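Okay, here we've got a single chain as structure tokens, the form predicted on its own, with questions on binding and movement later.
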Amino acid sequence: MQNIDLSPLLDNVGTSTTADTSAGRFNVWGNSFAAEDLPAPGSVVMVDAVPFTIPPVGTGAPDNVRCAGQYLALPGGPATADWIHVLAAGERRVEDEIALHFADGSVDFEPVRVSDFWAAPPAFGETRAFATLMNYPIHTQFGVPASVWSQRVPVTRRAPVVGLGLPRNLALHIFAVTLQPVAVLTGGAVLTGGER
């Protein structure tokens, strides 16, 4: 598994602390995730056996990418993959596409579907990675959870990926990205890219 560094693209503050609930601006109403309910910044957490690196939540610095057509180059160079895993949240239910750019110049568009962050069940079968209290600019709202989801995007082309084109959809916020290498079948065993 390869954690992808999102720090060059982070452009939205989606978390805040109870000491300063006004610091977060996940959406136009100034709602935000309670940082105290999230893992520490920089820590690596496992969600459905996928490792994710937690961005600088609760620090007042940008901690997620609000999707506006940004291009994310894979920092380690071209890599073959089976899945692109994301920790993400939608300002409402989001259905869009991520552009997968390959080393041979081809581009595939694959669906990314993420449920609403606002006290909603998963609409697309994804896993609720974290549930936090909901912060407003001047208070914390108890009894209304906010959700960050773990979702995956398929990579169907067997060619090295060089980058991801994020959708032009400001309702989609991405907190972390992890690339899962291609699994190879050998004699009945499944080996991941790290075991070959």
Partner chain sequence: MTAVADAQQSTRVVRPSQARRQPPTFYRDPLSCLQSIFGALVTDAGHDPVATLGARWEFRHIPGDVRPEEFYFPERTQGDTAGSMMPFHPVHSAWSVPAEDDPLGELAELIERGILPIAAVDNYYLPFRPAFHDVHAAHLVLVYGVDRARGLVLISDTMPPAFAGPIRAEDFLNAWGSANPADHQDAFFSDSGIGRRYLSVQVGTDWPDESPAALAEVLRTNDADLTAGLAGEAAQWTGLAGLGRYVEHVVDAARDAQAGPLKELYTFGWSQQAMCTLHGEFLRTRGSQWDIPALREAGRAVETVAHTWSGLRVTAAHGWPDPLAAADDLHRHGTRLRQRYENAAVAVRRALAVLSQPAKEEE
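On a predicted model such as this, the values are computed, not experimentally measured, just so you know. Numbering follows the first chain given and starts at 1.
The same protein has a further form, the form predicted in complex with the partner chain, not shown here; the description that follows concerns it.
If you check the partner chain in the model of the complex, you find a heavy atom from every one of 27, 92 and 170 within 4.5 Å. By the criterion of a heavy atom within 4.5 Å, residue 46 is excluded from the residues contacting the partner chain in the model of the complex. Although the partner is absent here, residue 41 is not a contact residue: none of its heavy atoms lies within 4.5 angstroms of the partner chain in the model of the complex. Although the partner is absent here, residue 51 is not a contact residue: none of its heavy atoms lies within 4.5 angstroms of the partner chain in the model of the complex.
Contact check for residue 141: a non-hydrogen atom falls within 4.5 Å of the partner chain in the model of the complex. Contact with the partner chain in the model of the complex, judged by any heavy atom within 4.5 Å, is made by just one of 108, 126, 82, 96: 96. Screening 56 to 64, 33 to 41, 156 to 164, 143 to 151 for residues having heavy atoms within 4.5 Å of the partner chain in the model of the complex returns a single hit, 143 to 151.
Residues 113, 116, 118, 119, 120, 121, 124, 136 are the ones in 104 to 136 with at least one heavy atom within 4.5 Å of the partner chain in the model of the complex, listed in sequence order.
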